[in-house]
Ligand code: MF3
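Okay, here we've got a single chain as structure tokens, the form predicted alone, with questions on binding and movement later.
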Amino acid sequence: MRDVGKLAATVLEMIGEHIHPGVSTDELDQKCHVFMTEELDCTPAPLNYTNSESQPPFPKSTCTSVNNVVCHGIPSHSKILRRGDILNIDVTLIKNGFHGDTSKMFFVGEPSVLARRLVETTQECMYRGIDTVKPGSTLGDIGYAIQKFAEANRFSVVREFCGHGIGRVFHDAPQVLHYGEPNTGMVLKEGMAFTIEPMINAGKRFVRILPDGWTVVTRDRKLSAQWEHTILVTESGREILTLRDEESHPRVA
């Protein structure tokens, strides 16, 4: 898990310099795919992934969610980035049977004041959720910390999608909600691994899924942001398995 987590982080570190006005999300996906498969010798978990028989297989190696896309945006040659856009790239790798799942927000040129505040608040929401993780704390503690900070900043928390257990299985129990009450839900124990990946909206929390069966957008068409890390519960606290070198947050606590 540590190995694949570090590799997943390097994909997000690599792709940043390629994000600029005029590039398509499909071009970014192709660069990530080549890097993941040829440079890192990993399998991109999203490619051909499906949750059910009624859902079409996901056709790309990354999720690229722009502006009002909450999550699971499908890279496309027709989706051209414009100055002022905000973009989430979500990466999950498989290496030696284990998964590493992480995502990062990017600015395409200079963002609006609202967009910057939303993106920075969402990242802080994730960190505040992470900071509650230790043996004996609960899943409700994570959700409460995220919800409290998001709503204090006049943003809303998406409730239809959440973090998840991860390891040999991509999406496993437990569900890690990004809202809740302290001291409720599953008690955390050493050795658990799961993602924390809050989706925070500038407007109301409500979302809808587009006809492609994957792309989730805000109903009011307002901006949404998401950050994600894979977390391990340790004997004394937690370890962020997908932390990037650029981050000041401690990897182990």
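Quantities reported herein were computed from a predicted structural model and do not represent experimental measurements. Residue numbers here begin at 1 and follow the sequence given.
What comes next is about the form predicted together with the named molecule, which does not appear here.
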query	finding
Open or blocked: the named molecule superposed from its pose in the predicted bound form, cut-off 2.4 Å to backbone or C-beta	open
Every residue of 126, 239 and 250 near the named molecule in the predicted bound form, heavy atom within 4.5 Å	no
Per-stretch contact check against the named molecule in the predicted bound form, the hit in 45-53, 24-32, 217-225, 182-190 (non-hydrogen atom, 4.5 angstroms)	45-53
4.5 Å heavy atom contact, residue 117 and the named molecule in the predicted bound form	no
Contact label in the predicted bound form: residue 79 to the named molecule, heavy atom within 4.5 Å	no
Distance check, residue 170 to the named molecule in the predicted bound form, heavy atom within 4.5 Å	yes
Non-hydrogen atom contact residue 72 with the named molecule in the predicted bound form at 4.5 angstroms	yes
Residues in 88-120 close to the named molecule in the predicted bound form, defined by a heavy atom within 4.5 Å, in order	90, 92, 101
